[in-house]
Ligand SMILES: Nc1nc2c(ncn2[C@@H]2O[C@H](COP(=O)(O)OP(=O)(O)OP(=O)(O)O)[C@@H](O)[C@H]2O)c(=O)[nH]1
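Coming up is one lone chain in structure tokens, specifically the form predicted on its own.
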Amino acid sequence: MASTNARYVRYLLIAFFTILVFYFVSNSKYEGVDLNKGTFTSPESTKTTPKPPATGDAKDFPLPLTPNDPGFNDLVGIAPGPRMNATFVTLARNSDVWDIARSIRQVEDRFNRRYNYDWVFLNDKPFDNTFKKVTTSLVSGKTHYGEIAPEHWSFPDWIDQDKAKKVREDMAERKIIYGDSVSYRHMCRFESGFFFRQPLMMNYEYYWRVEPSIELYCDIHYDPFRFMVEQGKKYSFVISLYEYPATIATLWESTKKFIKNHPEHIAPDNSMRFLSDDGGETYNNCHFWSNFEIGSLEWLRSKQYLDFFESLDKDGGFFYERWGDAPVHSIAAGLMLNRSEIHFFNDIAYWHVPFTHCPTGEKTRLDLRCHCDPKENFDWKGYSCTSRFFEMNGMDKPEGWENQQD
């Protein structure tokens, strides 16, 4: 009898624990990656990603810029402090999905997983569901997808298309890179004059341009957007070089015409010495490589910049030659911004085929946990213009730069 009672007690205990386990399992939830963030999207209430602090007094959260600053090596979890009104922006096609996925992982792993900034994707065609699902799953902030208006990705009315076609054919014969490409010209014109005026971009004040298939070699220990805002910077770069002269044969003549017509737009402490070796008579072809840039959208939307773009646009060089957005942005920044408003991010190590920016100085690379080969650093090579930027601004070049000139 006692053994029978003991058996009943065991059965009751087993049943009780089975019911208890079933209750906890059925009432718990798995918080995985939400594929429906941003404008791709489901209601805000479905989000499971924790949001970073969006407000806060900056003085209560000092920005650690060097390894000696408290908090510099706090790279785990969501970073404290305020966020700027800023976004990443990418121009991409649906077929770029896996190349941009690589770039997003680079940016998220090295920086944005701690800051959760938004990302705007722009395309001259509608984005497909695969592109949206993949990119949204990788971005820690909100994702937004915009389709470019036809008038921002086409020949304007004043362009003689027969003349433009002959130019492309001639450049193809001379084997000038992208010389025969129509879409490349639309891209350069769009990046020069329209990306910052897209409806989605109008919500932001600062941008960080990211291209497909880039690499970031070092951890980014602080918020570059906040640095730009607090230091009064409006444009920044990591790589500079000389443009192909054949692609911009008359760009400087158009620029000089603009300078003559709008002297009020030229900054008193400008960077003409970066752009010209003879006081502005000719262009030395130096430019900041615009596939990486962090900058002020409000500056690009200013009357001075828009006047410059519209003057160039009317001259037709985007189609009658092959003017790139890099020299256009660079000339504008060099003439319209004071030198103190342009910044070189030595600590953002970057690669875009075929050039590498790898911070000069072993200690810097170790502090930032870099994985780039310093021998591949382009900064001090003969075809780079970065030395010119340092010299113009009276900046000391980092220790060891001489060993990377060849």
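Quick caveat: nothing in here was measured; it's all calculated off a predicted structure. From 1 onward, residues are counted along the sequence shown.
Another form exists, predicted together with the named molecule; not displayed. Remarks below refer to it.
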{"property": "Interface segment, criterion being heavy atoms within 4.5 Å of the named molecule in the predicted complex, picked from 257-265, 136-144, 156-164, 207-215", "result": "207-215"}
{"property": "Contact flag, residue 243 vs the named molecule in the predicted complex, heavy atom cut 4.5 Å", "result": "no"}
{"property": "Partner proximity in the predicted complex: residue 58 to the named molecule, non-hydrogen atom cutoff 4.5 Å", "result": "no"}
{"property": "The named molecule contact at residue 353 in the predicted complex, heavy atom, 4.5 Å", "result": "yes"}
{"property": "Partner contact for residue 93 in the predicted complex: the named molecule, 4.5 angstroms, heavy atom", "result": "yes"}
{"property": "Selected contact from 178, 222, 299, 320, since only one has a non-hydrogen atom within 4.5 angstroms of the named molecule in the predicted complex", "result": "178"}
{"property": "Of 129, 282, 183, 73, the one that lies within 4.5 Å of the named molecule in the predicted complex (heavy atoms)", "result": "183"}
